[in-house]
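The form predicted on its own is given below as one chain in structure tokens.
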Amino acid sequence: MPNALTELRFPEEDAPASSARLSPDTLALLAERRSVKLRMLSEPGPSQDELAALLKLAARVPDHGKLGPWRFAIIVGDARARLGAALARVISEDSGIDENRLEIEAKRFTYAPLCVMVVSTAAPHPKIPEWEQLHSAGAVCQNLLVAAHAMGFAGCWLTEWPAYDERARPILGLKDHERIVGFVSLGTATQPVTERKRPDLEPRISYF
């Protein structure tokens, strides 16, 4: 894979930036990009340098007030199995949970080489609604997926029960006001993907 970092440059504060630039390659990528199922992800994943660049790209999102109302928690290495096992224990006594389900939960983070947990740190602010802060964190997840795709990796953005179950919060290191916006798993697709059904846009578009 070509070194995607060779030509990558991040402007310093107040340096000239780009408000618009014609890029057919970017448009083609957006037209064709799609997520990959978690179980279809495997090694190799982003290197440490590639991950650092991906996080910087992910963070270049609309952000009212420049609050940076989000953070990243990287699940990698032995932590993948450790966190999965801890989450499996959380639901082990729940009704309807069998050994197969527990095994699935224990393997949750082990398919992909790494997972980026994107956490919203949105909090009350005198001028900026929490709803807008949450939107910024959602944009981070999408930027991360698109950037990973452009770097030659596959990925998927999931939430599922650990993002909403109070019992999972201490395991995942969340503070009281924090919410998980997504678990973005990154790696290499183990098989080709095909296009899925997309929403019909016509009934979803109106004009004033």
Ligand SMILES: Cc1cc2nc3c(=O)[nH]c(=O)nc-3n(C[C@H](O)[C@H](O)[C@H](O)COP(=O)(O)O)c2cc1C
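Bear in mind the structure is a predicted one, so any value in this text is a computation, not a measurement. Quick note: we count residues from 1 along the sequence shown, nothing fancier.
This next part talks about the form predicted together with this ligand, which is not shown.
- Within 4.5 Å of this ligand in the model of the complex, a heavy atom is found for none of D78, R101 and L114.
- Though the partner is left out of this view, R196 does reach within 4.5 Å of this ligand in the model of the complex, counting heavy atoms only.
- Taking the partner from the other structure, this ligand in the model of the complex has a heavy atom within 4.5 Å of a heavy atom of E160.
- In the model of the complex, V181 approaches this ligand with a heavy atom inside 4.5 Å.
- Of the heavy atoms in S35, some are within 4.5 Å of this ligand in the model of the complex.
- Heavy atoms within 4.5 Å of this ligand in the model of the complex map, among the stretches 167-175, 62-70, 41-49, 151-159, onto 151-159 alone.
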